[in-house]
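Next up: a single chain in structure tokens, the form predicted on its own.
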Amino acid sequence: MSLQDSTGQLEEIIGYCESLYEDVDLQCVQRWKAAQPGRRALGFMPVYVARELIYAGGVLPVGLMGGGDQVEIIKGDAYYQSYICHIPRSTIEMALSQRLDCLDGLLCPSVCDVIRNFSGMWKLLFPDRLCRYVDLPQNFNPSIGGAYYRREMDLLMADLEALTGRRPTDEGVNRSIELYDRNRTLVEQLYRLRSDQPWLVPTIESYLLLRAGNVVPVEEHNQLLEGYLELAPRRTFRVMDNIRVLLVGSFCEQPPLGLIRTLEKAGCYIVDDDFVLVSRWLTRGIGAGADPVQRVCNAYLNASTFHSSKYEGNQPKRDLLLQRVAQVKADGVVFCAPSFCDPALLDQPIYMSTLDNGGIAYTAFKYAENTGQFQNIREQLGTFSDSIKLWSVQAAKEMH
């Protein structure tokens, strides 16, 4: 295959993923349901749900991440106060404007008070549609939090049975686990390639690839990832003198595409992030086997990543952040959090103190999913990048 052919195929993959990102009416989900009568689709809010169990029941898990900068908020502002994040308002706007009518229900995981209360708002507005608040455990003792989470997953299995008329079988769950384990492996390969050679994998492309996984069946998403991973290393992009940064804080409400592009244009290679965290929540595969529902529960208890809405237990988040900085060889950390995101913003002072003590550079700013002006952020990030380059040059001179 020629370089020109591979470039064209890459552009086709990313173009398709961008069209899915722009599909705020969820036409792709409508087409999936229409292709086989009786299919069901179940929406979920960030950050994590057990997609393996949902898909095992023949139900498409659809990740909802707000309307971004594509949905004008008209009715949604009437349902929420102004001093919370933007994502509930845009999601309610999408629902009230019939954009989410193809969804047969909604799951709201316990990320924060906003998402918890969103489940109540959905029940008031759409009493005839399934809605469940999924209370993820903060106690990771198998006999306490583990037993509680198993009951939550059994309730989810009962919901799926009520939705489709059949309960997911162990065989179906194991098959779904294998598909999503493959998906996790591919996503980690994508992030590893981006960390090792960030000039080959622009962050905007990896982000669009992850977002595609929110709305297409996992088999199709695996094919997209496989195609991209085969083609991207053939690129001959020039290596820039960008700094390597770890981006933290964007695990729920997502930044607009323009902001992601701005970060890299400002001289930063984003070598790791917490975008679309459902794709990377588990740090290892679940593995098929006996009692697969319990295996899903055990994976949550034993292999969950760290982030701001998860209890740190006996692993302080500050130590895990330092480990992550070291693993991806980051020159600095960018705190990129939505305005009024309590979990992310409450953790920032702890993280900043840790980075100060470790001599690691960082900068911080806030955004909303519909932010439209990025010049100030570009100037801030450009200054951050230049200062790190200057410090590293100065340090090298002092060593010699």
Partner chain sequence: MSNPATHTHNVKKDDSMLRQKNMLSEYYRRVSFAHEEGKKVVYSFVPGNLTELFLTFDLVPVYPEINALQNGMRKVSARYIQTAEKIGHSEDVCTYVKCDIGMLLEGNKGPTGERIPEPDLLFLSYTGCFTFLKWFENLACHYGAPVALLHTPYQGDGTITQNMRDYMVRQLRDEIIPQLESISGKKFDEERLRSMLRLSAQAEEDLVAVLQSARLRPSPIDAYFGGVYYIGPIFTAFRGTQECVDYYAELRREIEERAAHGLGPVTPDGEMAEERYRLVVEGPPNWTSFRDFWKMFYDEGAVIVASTYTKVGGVYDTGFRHNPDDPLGTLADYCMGCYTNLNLPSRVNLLQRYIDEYQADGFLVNSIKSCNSFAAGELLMLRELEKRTGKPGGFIESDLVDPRYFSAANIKTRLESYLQMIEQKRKGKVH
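Positions refer to the first chain, counted from 1. Predicted, not measured: the structure shown is a model, and the values here were computed from it.
One more form of this protein, predicted together with its partner chain, exists but is not displayed; see below.
Colleague: Is residue 143 one of the residues lying within 4.5 Å of its partner chain in the predicted complex, judged by heavy atom distances?
Modeller: Result yes; residue 143 sits at the interface with its partner chain in the predicted complex.
Colleague: Classify residue 124 as contacting or not contacting its partner chain in the predicted complex by the rule of any non-hydrogen atom within 4.5 angstroms, answering yes or no.
Modeller: Yes - in the predicted complex, heavy atoms of residue 124 and its partner chain come within 4.5 Å of each other.
Colleague: Would you check, heavy atoms only and a 4.5 Å threshold, whether residue 81 touches its partner chain in the predicted complex?
Modeller: The answer is yes: residue 81 has a heavy atom within 4.5 Å of its partner chain.
Colleague: Given that the partner is absent here, does residue 225 sit within 4.5 Å of its partner chain in the predicted complex, heavy atoms only?
Modeller: No, residue 225 sits far enough from its partner chain in the predicted complex that none of its heavy atoms falls within 4.5 Å.
Colleague: I have 30, 216 and 256 flagged as a candidate spot, so tell me whether each of them has a non-hydrogen atom within 4.5 Å of its partner chain in the predicted complex.
Modeller: Not a single listed residue reaches its partner chain in the predicted complex, so no.
Colleague: Since the chain is shown here on its own, which stretch among 59 to 67, 46 to 54, 345 to 353, 370 to 378 would lie within 4.5 Å of its partner chain in the predicted complex, judged by heavy atoms?
Modeller: After filtering at 4.5 Å, what remains is 345 to 353.
Colleague: So its partner chain isn't shown here. In the predicted complex, which residue out of 194, 295, 317, 244 has a non-hydrogen atom within 4.5 Å of it?
Modeller: None of the others qualify; the residue that does is 317.
Colleague: Here the chain is shown alone; which of 310, 129, 99, 280 has a heavy atom within 4.5 Å of its partner chain in the predicted complex?
Modeller: Partner contact (heavy atom, 4.5 Å) among the options: 310.
Colleague: Using a 4.5 Å cut-off on heavy atoms, what residues in 126 to 165 are near its partner chain in the predicted complex?
Modeller: Contacts from 126 to 165: 131, 132, 133, 135, 136, 137, 138, 139, 141, 143, 144, 145, 147, 148, 151, 152.
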